[in-house]
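The data below hold one chain only, encoded as structure tokens and taken in the form predicted alone.
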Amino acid sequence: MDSQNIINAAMNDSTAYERLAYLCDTFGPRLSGSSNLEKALDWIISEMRLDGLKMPRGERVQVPTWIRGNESLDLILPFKKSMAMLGLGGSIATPKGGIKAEVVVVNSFDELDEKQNDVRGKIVLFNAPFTTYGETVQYRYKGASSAARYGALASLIRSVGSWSMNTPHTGVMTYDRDQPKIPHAAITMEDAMMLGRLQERGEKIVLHLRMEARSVADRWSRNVIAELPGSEFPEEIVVLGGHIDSWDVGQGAHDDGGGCVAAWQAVKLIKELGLQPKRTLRVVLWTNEENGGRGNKNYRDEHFDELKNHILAIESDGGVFNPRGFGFTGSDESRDILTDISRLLLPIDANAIFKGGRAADIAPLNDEGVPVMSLKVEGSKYFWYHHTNADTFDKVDIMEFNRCVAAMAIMAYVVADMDDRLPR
């Protein structure tokens, strides 16, 4: 196998890029439980059949369904302004007339505790600067219940992102069962910082928040699966995939339509080059990553008896920017083998093997002993677009996207075609 042939084929093919454009423009955002998502899945399965992949199918999954409805946020004092906002996934609605209340701005959970006596009957704004996603996202997850503990009527967060052009970021939130449920939404970095400055100057801040958000009964969705069967050990499987659902804003281009189409194209490309690895390559497009993780758990459960023969699972869920390599979680012996393979990716500068390959949809497989990898990209702009109306197809560069396809194709093919299994 000449890895350069795979790179050349990937870099000179616009099929996947055009499919990503079609996915984004035709079906729009793909929130779990939406008709947009299910129509997109129907189209993907039909296209996989045209590609000649084996058994393209949807495996049914019950998913939570949250509906945004109409929403608005208006600054009343110290001046009037309509503010960009996005309700957070799982939030309840405001009362019918909305919530009009004074605002208390805090920069951390500790500051909330210090100001607890000022919170009752007000709206709390968490104006927490972005540090890392894992740290800052805690205000999105836990902010509502933390504010409700002290009697807040609603809570807002400064959007979890590293940059903004008045773009609020949505995402999932949770409620503590021991606290009252209050509405929870995100505002832009710019407005959060402005409100913080106003409070520092002693200004009284009043906001009027309206949200119609609601959760309804679970609906049926699907994980999409298709395969290129192995020539010698078809029961042994290398998985490539991403999550096909997105939030209900933007087009879910980088998060994670691009990762899904790149994994699909990687297998299609191998087939078109006339290559058949010894082991099966399986594309898995998981549903419901964004607000429940039901797809990855369902895949684990449906295929539990096969997991002993899952050789490796590769996920792309960090955007389809220039690839730098792969994160890996598995044995040291396997890491050494994958490091050798990664040298084939030197021509596209994607040869690094980083520590830690767990990602949301492959973590349940890793918990059962399956070695896992995640595609690592030059992600400095990822959180510019993540979970916003700006995550649209125009942000995807065809050359960067095609390098992601090449990196996934080479890594998956070589592992699937080795004489011996990747050791656990």
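Sequential numbering from 1, following the sequence displayed. Not measured: the values here are computed from a predicted model.
Below, we turn to the form predicted together with a further copy of the same chain, even though it does not appear here.
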property: Any non-hydrogen atom of Ala9 within 4.5 angstroms of a further copy of the same chain in the predicted complex; result: no
property: 4.5 Å heavy atom contact, Lys395 to a further copy of the same chain in the predicted complex; result: yes
property: Thr26 within 4.5 Å of a further copy of the same chain in the predicted complex, heavy atoms; result: yes
property: Touches a further copy of the same chain in the predicted complex: Arg201 (any heavy atom, 4.5 Å); result: yes
property: Which of 64 to 72, 353 to 361, 42 to 50, 384 to 392 sits within 4.5 Å of a further copy of the same chain in the predicted complex, heavy atom basis; result: 384 to 392
property: Position in contact with a further copy of the same chain when the complex is considered in the predicted complex, options Asn296, Asn291, Ser164, Thr280, heavy atoms within 4.5 Å; result: Ser164
property: Residue (of Val216, Val206, Leu346, Met193) lying close to a further copy of the same chain in the predicted complex, criterion heavy atoms within 4.5 Å; result: Met193
property: In the predicted complex: members of 218 to 257 within 4.5 Å of a further copy of the same chain, any heavy atom; result: Gln251
